[in-house]
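The chain below stands alone and is given as structure tokens, in the form predicted on its own.
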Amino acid sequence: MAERTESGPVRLRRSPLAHLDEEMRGAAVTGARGVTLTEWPYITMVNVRVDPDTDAARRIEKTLGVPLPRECGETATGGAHTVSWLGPDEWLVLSRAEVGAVVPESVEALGEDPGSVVDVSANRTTLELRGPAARQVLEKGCPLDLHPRAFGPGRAVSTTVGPIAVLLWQVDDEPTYRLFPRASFADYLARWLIDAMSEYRAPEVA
């Protein structure tokens, strides 16, 4: 995801995990049991509520250039946007575009029909866990079946990792996962993941 150039007051922002940047980099493990943890701050996130079987939903889909997924776990990606299913009439739009572009256009598409379009970018942050051991790290505290037969690229569901509620999205086969915790719980989750990663520094016991 390309880094955006910022100016003015937004340059004064501090991400929820800026204070742990050094610890996350230091926790990286290389090799066959490699795993890394990175924060992706300031991703645009927009919550959309609308009846999927209405003209309003179709207008929003046309505006985003992405269909609204209809089933639990589904995501849809197009251009700068990825849309994740949260419920029968609720989605989270994750975008590389500025929120000032995504929200007004989606609000206009909704029009006077029932529903809502809300900027929730400050509500969560994004953690990326990737590498050969990433799934094993998550399996220490996630109740989902993360085996490829049950969960693979493009899947995103609400779950828990340790005691923290997250939206968990598997991005690719490496595997790479993105976790979206509430900002106020991000510190705990990052420290939990750093601790869970530590054992992979040692050789695997035969």
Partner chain sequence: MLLISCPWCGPRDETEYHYGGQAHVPYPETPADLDDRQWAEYVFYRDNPKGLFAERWMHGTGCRRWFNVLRDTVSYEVLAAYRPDAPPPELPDTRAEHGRAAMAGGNR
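No experiment lies behind these values; they were computed from the predicted model shown. Residue numbers count along the first chain shown, from 1.
What comes next is about the form predicted together with its partner chain, which is not displayed.
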Residue within 4.5 Å of its partner chain in the model of the complex by heavy atom, from Pro143, Gly26, Pro148, Gly65, is Pro143
Ok, Thr38, Thr54, Ser158, Thr176: which has a heavy atom sitting within 4.5 Å of its partner chain in the model of the complex? Ser158
Check for me: heavy atom within 4.5 Å of its partner chain in the model of the complex, for each of Val103, Glu105 and Val117, yes or no. no
Which one, 80 to 88, 128 to 136, 93 to 101, 107 to 115, holds residues whose non-hydrogen atoms are within 4.5 Å of its partner chain in the model of the complex? 80 to 88
Partner proximity in the model of the complex: Arg33 to its partner chain, non-hydrogen atom cutoff 4.5 Å: no
Can you work out whether Arg49 and its partner chain are in contact in the model of the complex, taking contact to mean some heavy atom pair no more than 4.5 Å apart? yes
Using the partner position in the model of the complex, report whether Ile43 sits within 4.5 Å of its partner chain, counting heavy atoms only. no
Touches its partner chain in the model of the complex: Val171 (any heavy atom, 4.5 Å): no
In sequence order, the residues of 92 to 112 that place a heavy atom within 4.5 Å of its partner chain in the model of the complex are none
